[in-house]
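Okay, here we've got a single chain as C-alpha cells, the form predicted on its own, with questions on binding and movement later.
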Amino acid sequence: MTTVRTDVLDDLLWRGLVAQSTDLAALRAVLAAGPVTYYCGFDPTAPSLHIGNLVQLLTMRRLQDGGHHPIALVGGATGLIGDPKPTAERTLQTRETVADWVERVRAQAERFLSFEGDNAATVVNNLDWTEPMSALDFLRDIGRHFRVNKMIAKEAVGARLQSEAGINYTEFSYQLLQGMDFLELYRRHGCTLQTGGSDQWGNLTAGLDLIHRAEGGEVHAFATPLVTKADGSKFGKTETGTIWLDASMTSPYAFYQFWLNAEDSQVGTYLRIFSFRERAEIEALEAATRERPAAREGQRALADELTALVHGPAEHAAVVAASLALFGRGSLEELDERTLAASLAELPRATIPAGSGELPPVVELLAETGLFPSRSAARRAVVEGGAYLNNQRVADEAAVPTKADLLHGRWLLLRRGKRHLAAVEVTG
C-alpha cells in the first residue's frame, strides 16, 4: 500500500502554493484518507515549458511524494484551440506543429515525476478522447451542461468581450474542452482533484461543475499563485525573453544566472515554491538573505538546486565552473565550447569578422565593448592595472591579442576591475 503523508496540504499551505481552492476542509480530509488521483494540464503552446509551468510540475511532485497518484495531461486537443488571452486572439498552430510540441512537452513533464511504485505517474493526451467525438455529441453531451452567463464571467473572456476585437467561438469553447478533460479523467481514472495556476481558476471550476452536473460527483481543485517579481511584473520574463526549460531555448548558464540574480525580497517566496529543502533549511536561507544580502546565499541555493533539477548535475557543474572562471576563479581554457559560448552570450560584446587580419589593440576592444567610455579611459585603466584579457592583467597599453588568445578560436573575455565583463567574438 502507498503510504499517504497527512501533512502534505499543510506543507503546500506553508509554501504559499494554495492561492484558491474549493472546500479546504474537504480537500484535507480526502488527501488524508488515502491516495488521491489528481491531474494538471499543460498545453503545447510553444516547443518548451517555462519556469511558470515548473510551479505546477513541482507541485505535482510534492503531491506524489505525499503518496498521491499524478496524471500529467498534455493538451494535444486544447493546444489546437488555445486558452483565450485577455488582450488578443491567439494564432492557431498547424496540427503538425502542435503534435511535435506535444511530444516535447510530454518529455519535459515526465522528467519531474516518478513512474515507479504504487502511485506511479500517468501521462495522457486529451486528443485521444476529443478527436473521436462528433460536433453533435460534443454539443449534446458536454455543451448542454454549461451556462453561458457563467462562461462570460471568466476574466479573460470578459476582457475580450469588452474589446473591439471581441472573442471568437473557438476560443470561447476552450472552457468546455478543459471541463471535459476533468470529466474524462474522473470516469477513466477516478481522478478527483485538479491543480493549476490561479489564472486557470475559471477553467478548473468549469470541470467541477461539469462533473457535478453530468455524474453527480464531488471533486476538488486548488490553484497555485501566479509568481511575480518584486515590481509585480511577470515572473520568468527577462530582457532577452522567457526562461524556458529547454536548454536549446534558454541555456543552462542563463537559467542559472536567472536564479542567481533574483531580487532579495523574492528569494523567500521562490525558495518555498521551488525548493525541495526542508522547512528549517529554507527559513535559515531566508534569514541569511535578510541579514547578509551581499552573500546571496538564498539565490545561490536556488540556482544550484534548480539548475541541477532541470538540466542535470553535469550541466550544473559546468555552469558553476563557467561562473567562477569568468571572474578569474577557474580556468577559461577548461570550459567546453558550448558552455563558454552560452556564458559569454549574456555579456556585452563586440564582433570582429574572421579573416580581417590582425586583431585590434586591447584598448580599442575595451572601448568598443562598452567597458570604458573611450580609448583614453581604457589606456588609463591598463596603466593603473584595472584591465584584463582572458583573466590576465593587461600590462601594456599597446598590447594586441593574437589568434592564440582566442578561446576555442572564437572568443576573448575582457574585464574591468573585479566585476564588469564583456566579450569579443570573431564571427564567420
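Values in this document were obtained by computation on a predicted structure and should not be read as measured data. The term rigid core refers to the most C-alpha atoms you can superpose between the two forms while keeping them within 1.5 Å. All residue numbers are counted from 1 along the displayed sequence.
Not on display, but discussed next: the form predicted together with the RNA.
At the 4.5 Å threshold, heavy atoms of Arg296 reach the RNA in the predicted complex. Contact annotation: Phe138 falls outside 4.5 Å of the RNA in the predicted complex, judged by heavy atom distances.
Of the heavy atoms in Arg61, none are within 4.5 Å of the RNA in the predicted complex.
Residue contact with the RNA in the predicted complex: Ser376 places a heavy atom within 4.5 Å of it. Between the RNA and the residues Pro47, Gly386, Gly370, Pro360, the one pair within 4.5 Å by heavy atoms in the predicted complex involves Gly386. Put simply, of Leu260, Val123, Leu92, Leu113 only one has a heavy atom within 4.5 Å of the RNA in the predicted complex, and it is Leu260. The stretch in contact with the RNA in the predicted complex, judged by heavy atoms within 4.5 Å, is 386 to 394, chosen from 48 to 56, 30 to 38, 386 to 394, 65 to 73. Using a 4.5 angstroms heavy atom cutoff to the RNA in the predicted complex, none of Thr307, Arg338 and Arg410 count as contacting. No residues of 175 to 206 lie near the RNA in the predicted complex, the criterion being any heavy atom within 4.5 Å. Relative to the superposed core, Ala387 undergoes a Cα shift of 2 Å or more between the shown form and the other one. With the core superposed, Leu371 shows a C-alpha displacement of at least 2 Å between the shown form and the other one. Core-superposed comparison between the shown form and the other one: the CA of Arg416 exceeds or equals a 2 Å shift.
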